[in-house]
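Listed next as structure tokens is one chain, alone, in the form predicted on its own.
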């Protein structure tokens, strides 16, 4: 009976948290003179009532799946890889170098090379924080946050002075400012979109939709991450070190080796987060490359309770809210920032709800042991 009750609480907790966040959002809308019922109707209708919106949700969710999975691996290890933000940007830049620097390769070879370059760049950027963690005891939160800011400045310098595509000039007659970006990726380095796949089942996607096969790669990677964490010896060691490092060491597990492997695996997954924009939408890396995927990945992982399946659901939810915010702002005049507040309250509510459940479960187990 207790197990059934616990399962019921785990199912109802996120629903109650979502309901609470909707209530808070309604209060805010009423405070600014908007109709919350109309706003929520537009939010869901605009997001789920149009095929282009559904495809846009899938596109927006793709990078969040990768960043969320990167956070799941680090959280399961007991590490806080806050550096996913800088790691995916460095990874995207490394992928861009492989995309425009290599010529004459067929797509079946070039695309995997670009993806491998993104993973390698992110792992390289994560090497220093995990080294400082293992050898000098520097907390990974501090080092990875600092590495994020270093990544921003370092990439700006590389774009502006080293790899700037000087053929791209704004304005007429050559008197404009250069666009701070790399050269465009070769055609063989561009990830195919899902237009043909959808057309095969009778669905015509608009040309401005860029959802690609990276979505399927992200879903497949979620299955792999779940298998690694729960079905492999490495996953067992990872969880053992996270739960009780001294006990794991006494059992013969090399904690430092496990931490290094887990942290680099997290970074490698993070290196794929920026490729959806790079290889489909933009086709180059520029100074305005999308940010915040790393920080949003933290929220997605928490929303999904650090599970691979939960990350997919959380990423889709965030994608729906992001797409719906566009419709709400245009059709109702409610600022898009209200939806951002809704997301934040939802995350906080779910974290608090699950913490309450965890404490309740511990109390009940103690009572069972006492009985």
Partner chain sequence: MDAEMLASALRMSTPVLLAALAGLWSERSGVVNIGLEGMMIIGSFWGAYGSYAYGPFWGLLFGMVAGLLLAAIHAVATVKYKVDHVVSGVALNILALGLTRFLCIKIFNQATASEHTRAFATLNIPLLDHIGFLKPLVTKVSPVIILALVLVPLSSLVLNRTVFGLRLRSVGENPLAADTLGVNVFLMKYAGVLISGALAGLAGMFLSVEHTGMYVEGMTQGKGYIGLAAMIFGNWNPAGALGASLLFGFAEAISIRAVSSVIPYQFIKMIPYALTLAVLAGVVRRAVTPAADGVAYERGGE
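What you see is a predicted model; the values in this text were computed from it and never measured. Positions refer to the first chain, counted from 1. What we label the rigid core is the largest C-alpha set whose atoms superpose within 1.5 Å from one form to the other.
Separately, the form predicted together with the partner chain exists; it is not shown, and the next lines address it.
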query: Contact assignment for the partner chain in the predicted bound form, among 54, 338, 317, 42, heavy atom within 4.5 Å; finding: 338
query: The partner chain: the contacting residue among 298, 215, 115, 221 in the predicted bound form [heavy atom, 4.5 Å]; finding: 298
query: Partner contact for residue 352 in the predicted bound form: the partner chain, 4.5 angstroms, heavy atom; finding: yes
query: Proximity of residue 123 to the partner chain in the predicted bound form, heavy atoms at 4.5 Å; finding: no
query: Partner contact for residue 167 in the predicted bound form: the partner chain, 4.5 angstroms, heavy atom; finding: no
query: Proximity of residue 137 to the partner chain in the predicted bound form, heavy atoms at 4.5 Å; finding: yes
query: Region of this chain that lies against the partner chain in the predicted bound form, out of 147-155, 103-111, 264-272, 87-95 [heavy atom, 4.5 Å]; finding: 147-155
query: Partner contacts in the predicted bound form for 76-96 (non-hydrogen atom within 4.5 angstroms of the partner chain); finding: 80, 82
query: Core-aligned C-alpha movement of residue 352 between the shown form and the other one, 2 Å or more; finding: no
